[in-house]
Every structure is written in C-alpha cells, then in structure tokens.
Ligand code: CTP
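One chain comes next, on its own, written as structure tokens: the form predicted on its own.
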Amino acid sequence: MLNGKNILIGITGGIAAYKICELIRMFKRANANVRVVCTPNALNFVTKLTLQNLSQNEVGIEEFDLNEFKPEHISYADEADIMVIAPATANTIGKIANGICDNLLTSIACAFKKPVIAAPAMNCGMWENKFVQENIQKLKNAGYTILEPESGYLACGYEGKGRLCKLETIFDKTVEILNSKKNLAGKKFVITCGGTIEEIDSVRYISNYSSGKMGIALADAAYEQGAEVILVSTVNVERAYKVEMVKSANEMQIAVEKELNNADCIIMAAAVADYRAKNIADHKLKKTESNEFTLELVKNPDILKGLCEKRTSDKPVVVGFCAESEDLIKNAKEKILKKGCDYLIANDISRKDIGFSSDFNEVTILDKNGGIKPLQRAAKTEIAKEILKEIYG
C-alpha cells in the first residue's frame, strides 16, 4: 500500500505521543520507510529507544546533530514524501504558523514543501482558544491537512473536544494523499468565487449571500490534483496558489478574460450580481423626507456567456453555475443553451441545508450534449472533486 514511500512523523510533547508507536507500526506494516523526529518534550511521554526500534531508523531530536554534509532539517525535508505531525500541540502549531524554528521539528516544517498532515491534540479549552484557532487557520491556508481532534474524556480530567483523532484516520489520510493521482498536472484553472459587490455610494452596495465556499473548494481540489490555479475572489482567502481579489462584476470580467487564452478550464462559481447602480455617488447619499427612493440600475456584463462567445476553440472548457429556487432542471437546461458553456452546475437555493454559507451542497451537473448527473448531498470539498472528475475523468 505504501511500498517505497518515505514518511516523516513529527511527535510533539503531548500525552497522546505514546499512541504514535502504533501508528509507526501501521505504516511499517504497509511497507513504508518511517523516520521520526521529536521535540525534546515528546520524550517525556515516549522513549527514543522505543521509537528507534519501531521505525528501524535513528530518531531526530537535536537541531544540529550532523551525520551528513547537510543540516538535519534540510536532510529530513528532502527525503520525506509527506510529514505527519501527531500529536500536534498548541505550542508547536503556534510556532509553525508563525515561522518560529527553535527546534528540529519546527525547522523541518518550515523547510518542508511537500504535503503535511497535522493531527492536533490538547485540552478542550486550549483547542477553543481564539489564537489557537487562528493558527490552525493559518496552517490550512498554507495547504496543511488538519485532522481535527475528537470529543471525549481527556487526560487532564476534562471532557470535550481535544482527543487525538483515531490512528486509522491519520493512516487513511496519509495513504489517500500519497496515492492521489496528479491527473490535472500541466493544466491551468481559473475559478471565481464569492458574491460581487456593486457600489451605490461610498458606504452602500448591492450584493448577495454567496460565501465563496464552493469556488474555494473547487480551487483547492484542482490544486491538490496538480493544476496551476488562479482564484478570482471577492472573499479574502489565503492559499498556496494565486488569489486575485476583485470586487465588482466588471473587475471580475477583466480578471477572467485576461486569462481566456491561457487557461485550460474556467469555472464561474461566483455569484455575479445581475445589475449595478447606473451612477455611483462619490459621497454618502442622504436620507430625504420622501418615503420612497428610486435607484436606477443597469445590467452587468454576462461574464459566462461572454467567455463562451470569445473563445476561438473548444479551449478553455467553460463551466457555469446556476442558482435556482424553483424548476431547477428546467431552468438549468435553458441556461446552458443560452450561455453556450460546456458544463452547468445547478444549485437549489431554496433548501437551507445546502448552498449559500453551508459547508454542504447537492448539485446537478448538466453538459452541452444533454447529459444530466445528480450529485447527492455531501461536503462541498467532496462535491468539488466529483465535479472535476466529471469534467476530466
């Protein structure tokens, strides 16, 4: 299962450190080569000799214990295919998230350019601390896979969320990442997300409830599968790939169309406002004595239709989204014909358990040849993978 794979396990100073002995055995049984690096405090919970016997390799602890011509943290980073940090304490998470390299493990993490899995384990109050959560988000933004702790009875006597996740969860995620196919390598994706903001005056605007989560999930999935990704976003998000921030429909149109001849696939997941104010006041509009206020609107550009009309061949593949509150399939069929796109992802926004702001979605994929494929309710991260699979097989 993991034959020839090099796994680097980072163990930090948490009570769950003893559990990692079994994780090493699981990786070894799957024919992986395992190396272990510990923070000094980790040895309060598990011995160096035990880890060496299980991994059948020297265990790294000291920063500058040189056995080769390269510094140890660079050597470890170069050799491993993946780094698994478990348990990941609040202390180590904070150091890595803020670029602090004061021991061998954090130095390796700083130099590591391949996939990293972090499995936090700590007191429930520490897990809920806002600074810890900010650091967790930083790691996610940097491309780390975070396997969140489970709820239950903790070693400190409290009960709550903080237990190290199951070892099988760590093992399975490691296998999934190491065996994932980079089937989108060499392809360039341009993906939009979020709701556009159309200014009325210096403080007011027209927008919608789009969170951008579906577009971000698509960008993440494409990037994980090896694609070059540009995310054109109205939502502030930090990622390892390029994110170009825009505000209005006009700005989004410019950003997307400049990539038209360079992209292999453009996915318009953003919720683009249909109208904008005809005239934008450069000051705050004052309330008057009248009970009525008239705002004159003009149509925004139809970015999706424009892309399909301007491309000169079957490249790029253009994918649109449609949000409907009734007659989903009927309206989607009409829209894909009108727009001329290759695929259309239809969302039912009348449901409260999917769509806007939710982490879940349920969509129907329509293609230009009349094909219809429903995807049952699932996390948007999983829906994104299924959409990409439908487009590129």
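As the structure is a prediction and not an experimental result, all values here were calculated from the model. Quick note: we count residues from 1 along the sequence shown, nothing fancier. Superpose the two forms; the largest set of C-alphas matching within 1.5 Å is the rigid core.
There is also a form predicted together with the named molecule; it is not shown, and the following applies to it.
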Quiz item: Looking at 107 to 115, 159 to 167, 270 to 278, 174 to 182, which one sits within 4.5 Å of the named molecule in the predicted complex if you count heavy atoms only?
Solution: 270 to 278
Exercise. State the residue from 125, 99, 301, 186 whose non-hydrogen atoms include one within 4.5 Å of the named molecule in the predicted complex.
Key: 301
Practice problem: Answer with one of 246, 139, 243, 323: the residue that has a non-hydrogen atom within 4.5 Å of the named molecule in the predicted complex. | Solution: 323
Practice problem: Determine whether any heavy atom of residue 35 comes within 4.5 Å of a heavy atom of the named molecule in the predicted complex, and answer yes or no. | Solution: no
Quiz item: Should residue 28 be classed as touching the named molecule in the predicted complex when contacts are defined as heavy atoms within 4.5 Å?
Solution: no
Practice problem: Flag residue 335 as yes or no: does it have a non-hydrogen atom within 4.5 angstroms of any non-hydrogen atom of the named molecule in the predicted complex? | Solution: yes
Self-check item: Per-residue C-alpha change between the shown form and the other one, residue 325, threshold 2 Å, rigid core fit
Solution: yes
Quiz prompt | Large Cα move at residue 349 between the shown form and the other one, threshold 2 Å, rigid core | solution = yes
